[in-house]
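First comes one chain, alone, set out as structure tokens in the form predicted alone.
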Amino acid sequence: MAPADPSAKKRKTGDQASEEGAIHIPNPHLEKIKEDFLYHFALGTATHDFPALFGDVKFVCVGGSPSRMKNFISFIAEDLGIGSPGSDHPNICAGTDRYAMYKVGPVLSVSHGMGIPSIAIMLHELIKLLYYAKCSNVIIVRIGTSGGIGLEPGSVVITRQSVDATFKPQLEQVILGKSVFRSTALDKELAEELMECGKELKQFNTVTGNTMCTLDFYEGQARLDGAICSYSEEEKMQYLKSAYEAGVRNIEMESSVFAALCNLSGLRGAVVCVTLLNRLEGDQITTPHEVLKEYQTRPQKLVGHFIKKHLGKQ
């Protein structure tokens, strides 16, 4: 049997970890680095004052595309009454084209690209950024899109736990040639708070359920319309029905490593995704573009409502 992650027992490193709600960095090697350059953000401890730039961050929202995260920061700025309507928000990571980052007040908005490798790279550097900035009591939420299972398109799923393609709540990470398994449980109380926000909004169907995180968009998600397919439609349907019976309500490609790294770093994390289609009824997304655009605002509205409640701005 492959070992559990040994770093899970060594979350606290340095003086900061003793503080309530502080970010944990389970990597003793970082203490030997005098200047840390976050390459994919084009930000460094020698060139940027992280506490001054990011020390007030309490909410981090991450999502796939740069444009979506820029839209989110504009939305949340207007929702919180910060700045003037129509204000431009500069990309803090303008020195690179890998990721985009925007900030308004205590809210940081960051793009993560598509799939586990892309979001994992971003999260490593984001967690270090928050640590160097001496942030505490940070809540991080992934907002995105997904394929639903047994739900009407446009439903918003708040993830109870991320599961792999065999429906197990774990992330398998190969480290030094060995498989290490990390927990993908998410903050239960945070999920319940977000669900309550969905009930208060009463604007769209909001549910909780397991989210299946896969390694690709086609075969990994039992689609029939990829360039390669080695299974029948009957086998596909059996698999998706088994997923539903295992509590899976949507499928995407980032939640497992998101949950795992939140657990290891002491961040309260949640995943809130809208469903673009019901996979029990088909594979292709044929919904009109304008309808899809509105669907994609739904996680933003729910998380925006949550942030406003926490800041007492309702």
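Here the structure is a predicted model, which is why all the values come from computation and not from measurement. All residue numbers are counted from 1 along the displayed sequence.
We do not show the form predicted in complex with another copy of the chain, though everything after this point is about it.
- Although the partner is absent from this view, Lys128 contacts another copy of the chain in the predicted bound form, with a non-hydrogen atom inside 4.5 angstroms.
- Another copy of the chain is not shown here, but in the predicted bound form it comes within 4.5 Å of a heavy atom of Ser230.
- Contact annotation for Pro51: none of its heavy atoms lies within 4.5 Å of another copy of the chain in the predicted bound form.
- Using a 4.5 Å cutoff between non-hydrogen atoms, Gln300 does not count as a contact of another copy of the chain in the predicted bound form.
- Stretch 90-98 is the contacting one of 155-163, 190-198, 76-84, 90-98, since its residues have non-hydrogen atoms within 4.5 Å of another copy of the chain in the predicted bound form.
- Taking a 4.5 Å heavy atom cutoff to another copy of the chain in the predicted bound form, the contact residue among Val104, Ala185, Val207, Ile121 is Ile121.
- Checking Val248, Ala270, Val62, Met253 for any heavy atom within 4.5 Å of another copy of the chain in the predicted bound form turns up a single hit: Met253.
- Taking a 4.5 Å heavy atom cutoff to another copy of the chain in the predicted bound form, the contacting residues in 262-281 are Leu264, Leu276.
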